[in-house]
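So this one's two forms of a single chain, laid out as structure tokens and tagged structure 1 and structure 2.
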Structure 1
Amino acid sequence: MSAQTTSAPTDDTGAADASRPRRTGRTGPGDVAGLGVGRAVLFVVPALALIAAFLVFPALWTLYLGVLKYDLAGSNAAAPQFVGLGNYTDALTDPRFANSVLLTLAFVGLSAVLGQNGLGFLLAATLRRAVGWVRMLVNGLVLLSWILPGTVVVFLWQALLDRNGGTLNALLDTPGAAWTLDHPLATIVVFNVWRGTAFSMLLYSAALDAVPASHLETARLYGSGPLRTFRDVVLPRIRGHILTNTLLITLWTFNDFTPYMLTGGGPDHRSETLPVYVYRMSIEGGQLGFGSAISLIMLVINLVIALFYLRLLRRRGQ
């Protein structure tokens, strides 16, 4: 957008005329748009500048901070020391780091890949056949859990899970059960399933609408059962949606900070997922350089996940 608005006026001015000879001079067989190198560069410069300012620069900055012993206070705040790859080796040898990687994988796998995906699909599939008002009601409730602000939702969950007089303990008649302390991982997994299912449900509703009714009808006429119909008729149609959905919810959950508000990463680091670990080391512990190094490691893990899904998607395309 900005590329067009900034360079369009030059077409009507002398600048355009001045560049014309160069354009003709350099236009080759590959130049589909017929712009020539100079004007092509002019077109992409604003976009490149934005990318540089908001993506490349912060990434380089993180890279740079990651090689420093750079703290929030103390002498390393005023004059950070260069430690090379020290922060990275520190992170990779820290048992707490390994612990949070494993926790994050469990959290993402259970709550997003299995939980949100499965429940979202189940809701979408069941609701298709439900009566109008039931569908509206369930849709509305599920959406509510998604659109409410995180802090509000966490507050509600704290009231639900509270040790003394929490709703869940009242319902189950288990006074004094400390859910967040005794089952921290399960707590954040259930929470995240509850919180994020709406997105998968919406996406799968739309995907299922794209399966032609005639195909389902045909399958039914040939005596195909629900499982078989799903495998042979529905699945091939919605495979792309499944991959896209799983990619998105995996990355969101991987980077989700909400568990911190619910359990504070504890007890004994038992719900300290990577984003929580980064926060606790860099802000609570004041080690900004170390935090940057781990952030970069997280970025790389994100990239690997994204590439993995994109490969799956491409293989499907071929």
Structure 2
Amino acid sequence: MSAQTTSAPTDDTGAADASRPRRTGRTGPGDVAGLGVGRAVLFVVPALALIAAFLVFPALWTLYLGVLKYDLAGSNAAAPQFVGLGNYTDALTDPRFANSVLLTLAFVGLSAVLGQNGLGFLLAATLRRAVGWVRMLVNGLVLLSWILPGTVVVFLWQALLDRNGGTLNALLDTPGAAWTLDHPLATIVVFNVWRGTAFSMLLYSAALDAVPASHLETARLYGSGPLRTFRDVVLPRIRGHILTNTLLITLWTFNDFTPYMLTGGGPDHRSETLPVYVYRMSIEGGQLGFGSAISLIMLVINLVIALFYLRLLRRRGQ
């Protein structure tokens, strides 16, 4: 389709072929659908409007609030003051912000990159050789932790870790042990591994199914052990899936707010990850401008992480 069509084509006798639809609008070599520019724009406009309303405008509004001393109450709520980069310098020099960054990196590295990645792959590889009913049962239990609402999951974990009469203390015979107070970071790490492993398991199951059985059989006939088979046959086939999965779960965990419902960021800020820090400063502390500045810093960190993984994916594609 290479030229604008404004009239119906004619047959050998010169009569118009009325059975063919008439096309209007400009078309080009890349217009494989033959919609023309006008109709294509009409299809895209709703998506662009949603992106502008729910992504672009909030981002610009956050950027605007980040340069204001804007509080939820008081004189700065009625008349916000322009402070330029003051909120950003205050955040970068705040010890609580540095503590939140370190906690967030530890939370992401331990629970997502290592925990969900490793456990998800282990489950996917193990269940391939399991009998049908065992595979269905384990898949159902793992998926259940993923699809349950966050509030329900947190309630169940509160009952599990309760200091007085909790299930875990009853099983371990450790009455009075306060897990969320004594080990807050370990608690939210284990919680996130348990809750988010299902996605990694599903993705790796699909990736392992794509490995040709003939390649595995050839490796077996050559006497390759499990580790060598994984390194030489399986890993080259699923490397892209590993990077994609790691990118997604890293970003999801980095912005996850669920730990707040489990530990509240405490005690003494020992589980105060960046999303929790933003919430406590913006909503509980009423400093909307300061919280917006931290949110923008989080956005930049997310972009850096995404670009790092995308660069690895592009290098693999080359």
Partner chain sequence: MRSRPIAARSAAALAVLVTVGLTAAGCVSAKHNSGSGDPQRNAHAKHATLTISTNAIVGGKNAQEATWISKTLIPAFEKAERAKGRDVTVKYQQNGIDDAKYGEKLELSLKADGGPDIYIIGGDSISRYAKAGYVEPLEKVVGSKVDSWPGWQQVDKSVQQNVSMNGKYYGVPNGVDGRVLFYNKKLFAKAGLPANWQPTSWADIIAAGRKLAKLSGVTPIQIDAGTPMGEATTMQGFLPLLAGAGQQIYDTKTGKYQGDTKAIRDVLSFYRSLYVTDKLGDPKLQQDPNGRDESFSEFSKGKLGIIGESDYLWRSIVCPDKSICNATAMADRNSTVGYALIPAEKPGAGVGGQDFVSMSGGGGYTINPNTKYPQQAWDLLTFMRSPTQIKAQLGDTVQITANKQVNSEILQKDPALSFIADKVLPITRFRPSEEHYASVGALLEEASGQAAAGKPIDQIASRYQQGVVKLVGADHVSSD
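Superpose the two forms; the largest set of C-alphas matching within 1.5 Å is the rigid core. Numbers given to residues start at 1 and step along the sequence of structure 1. Keep in mind that this is a model prediction, so the values were computed, not measured.
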Completion exercise
The form predicted alone? Structure 2
Handout entry: Core-superposed C-alpha of residue 69 shifting 2 Å or more between the two structures
Key = no
Problem - Angstrom shift of the Cα atom of residue 41 between the two structures (superposition on rigid core) - result: 8.1
